[in-house]
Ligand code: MEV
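This document opens with one chain alone, in structure tokens, the form predicted alone.
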């Protein structure tokens, strides 16, 4: 018996870093997916196969002993077969660039939880989300759960540290051009850098947080009014705040300049220091923006907002 599930990647549209300090963030899922196939096997083992490697282990090992990026899958499979006389084989197929700040780990955890537990019983999206966040915490201890949430439900959502997430019901027809710097970066080191900035510049950080909070509220209104040009202007403004925090570099600035000159707006998405930037377009400037990035030898692709979220089949 086989079970399959897929979950989308995500982009942070507004609010990265500031969200850690209580400001709202706006996220969306995009139409690049991870698909997980789970299958019961007679041998009582957990076998995981993906493009980044393989992992074959006996059940009931301590998660702390496992040094592999595939350990969220081991965690989920081990939990699923706790009272079952079976093993599990898991296959992972991804369209999402790894380590680029597009939520590949969250999409893996969501699709993994759905595919694995569906082998044994009916399971709700709410429970899948809970399991996915648990699994993601095996690699990112302090995850907020926002990425897993948007990968589960799809669409656009606002997220606040204290009050959780709220789905935005509007379904705008934006196109995003996502360009990858291919610079390796550490989310943890970028978060630490922002914390250091905050501690050294308390008053300036307080002002920036207030400005970001107002900007996010403005964007939420603009999404309802479908004013793409104005949203692009807010993206450019948000990028200035991120520059002040010190999470950019010359290559990211060059990429953002290309995006801002050829689309409605462009900014870093995620922790910065590397990873991806994105530009906001519609059909009118989509091909031109793609061409500009490609002419400058940047790996890039176009994406639409995914309104489906988790799919099981």
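For clarity, a rigid core is taken as the largest C-alpha set superposing within 1.5 Å between two forms. Residue numbers count along the first chain shown, from 1. If you're wondering where the values come from, they're calculated on a predicted model, not measured in any experiment.
Another form exists, predicted together with the ligand; not displayed. Remarks below refer to it.
Interface membership of residue 12, defined by any non-hydrogen atom within 4.5 Å of the ligand in the predicted complex, is confirmed. Residue contact check for residue 220: none of its heavy atoms lie within 4.5 Å of the ligand in the predicted complex. Contact between residue 143 and the ligand in the predicted complex is found at the 4.5 Å heavy atom cutoff. Residue 271 belongs to the set of residues with a heavy atom inside 4.5 Å of the ligand in the predicted complex. Interface residue among 187, 201, 226, 213 relative to the ligand in the predicted complex, by the heavy atom within 4.5 Å criterion: 187. The listed set 168, 183, 123, 191 contains one residue whose heavy atoms approach the ligand in the predicted complex to within 4.5 Å, identified as 191. Of the candidate stretches 169-177, 233-241, 135-143, 78-86, only 135-143 has residues with heavy atoms within 4.5 Å of the ligand in the predicted complex. Scanning 5-26 for heavy atoms within 4.5 Å of the ligand in the predicted complex gives 10, 12, 16, 17, 19, 20 in sequence order. Relative to the superposed rigid core, the position of the CA of residue 161 differs between the shown form and the other one by 2 Å or more. A movement of the C-alpha atom of residue 70 falling short of 2 angstroms is seen between the shown form and the other one when the two forms are aligned on their rigid core. The rigid-core alignment places the CA of residue 301 less than 2 Å apart between the shown form and the other one.
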